[in-house]
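Below you'll find only one chain, the form predicted on its own, shown as structure tokens.
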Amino acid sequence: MDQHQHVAIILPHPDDEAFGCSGTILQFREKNIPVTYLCGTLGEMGRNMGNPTFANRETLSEFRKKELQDACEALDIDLQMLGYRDKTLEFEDRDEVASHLKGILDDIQPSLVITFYPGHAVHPDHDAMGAAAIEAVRRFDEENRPEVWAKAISHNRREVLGEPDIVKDVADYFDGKMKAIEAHRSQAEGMMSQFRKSPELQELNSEGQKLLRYEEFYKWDFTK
């Protein structure tokens, strides 16, 4: 971790960073390593509108934009919004998205890129963003190429990919992680309020707690 000078997070939705890697982000920030989140969309096609409901199909994107900004402030990271439309990333030209990302990566010169593992990210936007991000990194000269940590979340990931290369226990950063998750009010509020109020639900959700506590990544091998 100490060898990295700048980390770029490339994921498609507001809240992907909070649920997926905010503990790891907080570890980098504790070491004063800059982190930039390149967020693909505003998640405007999401079905959650808050609990109780406070958004609608027309207003959801503005709420989610503000929630994303609040989460990034809580994590103390820079944010660049890429401007793609939610649930359409799989139809974008991968080369064009990769070129877009490569231009930004050329500017910020990260030593590490964190993204989704294509084919193991359980959502077409996740797979498409991960594939474009990896293609963007592949275009670097080998000596200047950032390392890639790919996040796989498919149920069969261990059977197919083996054990993850990196497993981070983020228990010491759990409060900060929860603040980032709760910043995404429209998506997390109902679930988290139930979780906080019910000891029984906390017990039932022990597997969910484990998923939040341990953040796993596979190092992408560009030689394969």
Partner chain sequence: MEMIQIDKVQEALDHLANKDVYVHLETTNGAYASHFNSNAYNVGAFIRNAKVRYKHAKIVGSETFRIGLKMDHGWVYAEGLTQWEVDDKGRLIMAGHDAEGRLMVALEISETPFEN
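Residue numbers count along the first chain shown, from 1. This one's a predicted model, so the numbers in the text were calculated from it and none came from an experiment.
Below: the form predicted together with the partner chain, not depicted.
Chemist: At 4.5 angstroms, heavy atoms only, are 90, 99 and 151 all close to the partner chain in the predicted bound form?
Modeler: No, the whole trio is out of contact, none within 4.5 Å by any heavy atom.
Chemist: To test your reading of this chain, name the stretch in 33-41, 164-172, 66-74, 53-61 whose heavy atoms come within 4.5 Å of the partner chain in the predicted bound form.
Modeler: Residues of 53-61 come within 4.5 Å of the partner.
Chemist: Whether residue 48 contacts the partner chain in the predicted bound form should be assessed with a 4.5 Å heavy atom distance threshold; does it?
Modeler: Residue-level check for residue 48: yes, a contact with the partner chain.
Chemist: Would you check, heavy atoms only and a 4.5 Å threshold, whether residue 138 touches the partner chain in the predicted bound form?
Modeler: Contact with the partner chain, no.
Chemist: Residue-level contact is defined here as any heavy atom of the residue lying within 4.5 Å of the partner chain in the predicted bound form; does residue 108 satisfy this criterion?
Modeler: No, residue 108 is distant from the partner.
Chemist: In the predicted bound form, is there a heavy atom of the partner chain that lies within 4.5 Å of any heavy atom of residue 85, even though the partner is absent here?
Modeler: Yes.
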